[in-house]
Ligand SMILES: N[C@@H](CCC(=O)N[C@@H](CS)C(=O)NCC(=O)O)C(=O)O
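Just one chain follows, in the form predicted on its own, and it is written as structure tokens.
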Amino acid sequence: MITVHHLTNSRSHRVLWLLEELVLPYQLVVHQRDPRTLRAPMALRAVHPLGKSPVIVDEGRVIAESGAIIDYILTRYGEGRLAPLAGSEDGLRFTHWLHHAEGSGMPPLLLKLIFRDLPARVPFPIRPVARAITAATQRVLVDPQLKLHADYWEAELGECPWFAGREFTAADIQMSYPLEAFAARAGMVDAYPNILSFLARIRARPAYQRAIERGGPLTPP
């Protein structure tokens, strides 16, 4: 049986959701964030050297990285479900979005989080300077990148209801976290009706809701 090392309120929700969609049994090990820093606990380093989540253990194999985990689960247990035919047009789109989520989608969202929270983490006397610097950085660098990506997602979801085509796939599971984070951090999601519609559709899926029930709520900071 697959063991999922799940960090509360994190990207690893996607792994639970995938397993629920496939109706696969799994053992859940929940790791709590540090209440002060919100970082993963050191206990995760006993599972994987990077000490990050998600991580799964299956038949002695320790597998990290969301995209690699999704690919492994689909290859070993998917039986053709939640993935288009390899080499087809939808299959090519599927591969693109499976990698785009973390490779291109998340970096500007991570920068948004860092620069948003940085002023509160520096000594009080220099906070006004830190606020000015981080605000300018967001305005000039981060926010234009977020808009570029959001415009891309919006246009793609205007062509098809799901990222890899007409059918729901694991690419939508992988892309869910960047869009959830965008809705939470960017402050501009109301301008993107296709993204909002996508979020409403995934949140309504029974398997998504079961993953929330088992792993806890998903509210990206």
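Remember, predicted model here, so these are calculated numbers, not experimental data. Start at 1 with the first residue shown and count on from there.
Below, we refer to the form predicted together with the named molecule, which is not included among the displayed structures.
Undergrad: Tell me, yes or no, whether A40 is in contact with the named molecule in the predicted bound form, where a contact means a heavy atom of each within 4.5 Å.
TA: Heavy-atom contact with the named molecule at 4.5 Å: present for A40.
Undergrad: Would S53 sit within 4.5 Å of the named molecule in the predicted bound form, counting heavy atoms only?
TA: Yes, contact at 4.5 Å.
Undergrad: Report yes if any heavy atom of E65 sits within 4.5 Å of a heavy atom of the named molecule in the predicted bound form; otherwise report no.
TA: Because a heavy atom of E65 falls inside 4.5 Å of the named molecule in the predicted bound form, the answer is yes.
Undergrad: Answer yes if any heavy atom of D90 is within 4.5 Å of a heavy atom of the named molecule in the predicted bound form; otherwise answer no.
TA: D90 lies outside the contact set for the named molecule.
Undergrad: Are all three of W17, R205 and Q209 close to the named molecule in the predicted bound form, meaning a heavy atom of each within 4.5 Å?
TA: Checking in the predicted bound form: none of W17, R205 and Q209 is within 4.5 Å of the named molecule.
Undergrad: From the candidate stretches 65 to 73, 22 to 30, 164 to 172, 150 to 158, select the single one in contact with the named molecule in the predicted bound form, where contact means a heavy atom within 4.5 Å.
TA: So the stretch in question is 65 to 73.
Undergrad: Quick one: name the residues from 1 to 22 with any non-hydrogen atom within 4.5 angstroms of the named molecule in the predicted bound form.
TA: Those in contact are L7, S10, R11, R14.
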